[in-house]
Structures are given as structure tokens and as C-alpha cells.
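First, one chain by itself: the form predicted on its own, in C-alpha cells.
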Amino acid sequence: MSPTLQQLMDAPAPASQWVLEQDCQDSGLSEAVVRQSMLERIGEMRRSIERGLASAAPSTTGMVGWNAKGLWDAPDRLNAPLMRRVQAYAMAVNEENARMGRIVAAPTAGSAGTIPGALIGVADHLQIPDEQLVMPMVLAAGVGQAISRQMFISGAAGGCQAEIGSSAAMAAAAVTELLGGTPRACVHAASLALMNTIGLVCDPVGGYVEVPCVSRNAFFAVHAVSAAQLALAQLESFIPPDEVVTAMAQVGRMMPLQLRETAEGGLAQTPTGLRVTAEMESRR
């Protein structure tokens, strides 16, 4: 059963426990099995981060591959270690994806860096062990299910708002619960993250989830952490969370096909985007 955001908000604390119980009822799995499965996914996320931070090898297209390592090795001129960590982790995962490495698609490969960037980035910054990330990850899954009630979580279905917007919402809720937020705060964090992505188009150059996808994950991982910070300070979305999801889905359905992962609009149709696409086609 896919919950609504209102159901998550009304759940007894922590909201993740309600999601876990619902999932176990639906799947027939025990809580221990689900928890162990989630811990293994977190471990896989961490390994993709470590590989991504260590490698500057280009992707198959040559458009990305060195961004995460470049940021990680550069001086922190803003003296903002949390932001740098979150951005680098997010890009590390997406560059691993672009190199056809092993990642956890949460919820999709193109947005795979947002949740580990935000959640593991914050956890490492605060020295929180992976075992404490399991239940926030369960909540993230519940938020993703709630959003998917109204719109497929993919750029092809509803633009990048539906893809990275959803991943940012999931990450924001997870970070909020990790830091002690109530179910209401977690859901409002998700809503704040999602409402500020509405209208974002999906325009990958050449159809590859590399440009702007790698840097976009870095930006929206920070976006998720920002939403969590607002919600933990008891700021809330003025529009009720489920109405935000409805609005996102409506915008997604109105979005022209050219702006939904077809590489027929936006950055993909810039002179440089077209030139790179032609070069890639000639190499096939």
C-alpha cells in the first residue's frame, strides 16, 4: 500500500516505524530482514561514494568523471565542510553511475546521488554510524511511495522535478528524522524540498544522465539538507504536502515532451549540447 504524505505526518513517531510495519504487512518479510536489506543498500551507497571520490576516470562519453574528486581534493575556500561533503558524495555516486559502476538507484540512477549525498554526508559530518541511517532510509522509501501515487518518479514521466525533486524530498525527510525530527517535520521537509523543484525540466545532453545530472545531484543534495534545516526549525510548507505532490504531477503532465528526458530541449539543444551529441553519435 502506498501511503499519503498526510498518513506519514499523522503516524506515531518515528514515522519510519509506521512505514516499516506497512511494508512488512505488504511483503510478508520480517522487520529484521527489511532492516538488514536496507543496511546493505547503505553499504553499497557508501562503496560507490568511496570509489567516486577516488577516481577521475572519464565516463564513456567523456563529459564527466572528475567532478567529485576535483571538489573533494580542492581547498575548502568557503570553510563549509558539510556543504562540500554533501556535494562531493552526491557527485561521486552519479559519476560512478556514468562510468557504469555499481550504484543504488534511489529512486532512479539519474538521481542516485541525492540521498547518499545528503544522508550519508550529514551522518559522516556528525559522525553518526550507518546503523542509525537504516530507519531514515525506510522513511525515505515511504516518501517515495507517497509521491509515486500521483506521478511516476522519472524524468521521462514528469521532468526532472519528478525525478530529482522526489529524491530531494526523500532525502530531506530522511535527514530530518536522522536529526530527531517529528513525523510532521519530516513530511514538511519533503514538501519544502519538492515544492521548490516544481517546473524543473529534464534535458540531459545526448540523452545521457551526465550533464547536467551529475552537478544537479550535488545541488539538490544540498537543497534536501536545507529543507531539513528549515523543518527542524519548525518552518512548514504553506501548501499541504499532498497538494504539493498533486501540483508537481499536474505540471509534469502539462510539460511538453521535448522537456522530458528526450534531449530535444533545454541544455541538450544548446550549440555545445548538439555538438557533443553529434560527436558521440559519430563514435558509435
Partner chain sequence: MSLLDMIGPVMIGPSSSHTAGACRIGLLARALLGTAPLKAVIGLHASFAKTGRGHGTQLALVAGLLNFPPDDPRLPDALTLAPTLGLDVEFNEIDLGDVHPNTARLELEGAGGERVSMTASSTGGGVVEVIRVDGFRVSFAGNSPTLLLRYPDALGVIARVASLIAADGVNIAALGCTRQKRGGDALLVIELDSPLSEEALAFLSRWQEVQWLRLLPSVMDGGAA
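Numbering follows the first chain given and starts at 1. Computed from a prediction, not measured in an experiment: that's the story for all the values here.
Below, we refer to the form predicted together with its partner chain, which is not included among the displayed structures.
For a residue to qualify, one of its non-hydrogen atoms must sit within 4.5 Å of its partner chain in the predicted bound form; none of 83, 88 and 217 qualifies.
Picking from 178 to 186, 67 to 75, 107 to 115, 193 to 201 the stretch near its partner chain in the predicted bound form, with a 4.5 Å limit on heavy atoms, gives 107 to 115. Though the partner is left out of this view, residue 45 does reach within 4.5 Å of its partner chain in the predicted bound form, counting heavy atoms only. At the 4.5 Å threshold, heavy atoms of residue 212 stay clear of its partner chain in the predicted bound form, well away from it. Taking the partner from the other structure, its partner chain in the predicted bound form has a heavy atom within 4.5 Å of a heavy atom of residue 154. Its partner chain is not shown here, but in the predicted bound form it comes within 4.5 Å of a heavy atom of residue 142. Of the candidates 247, 63, 230, 34, 34 is the one whose heavy atoms come within 4.5 Å of its partner chain in the predicted bound form; the others do not. Residues of 205 to 228 placing a heavy atom within 4.5 Å of its partner chain in the predicted bound form, in sequence order: 207, 208, 209.
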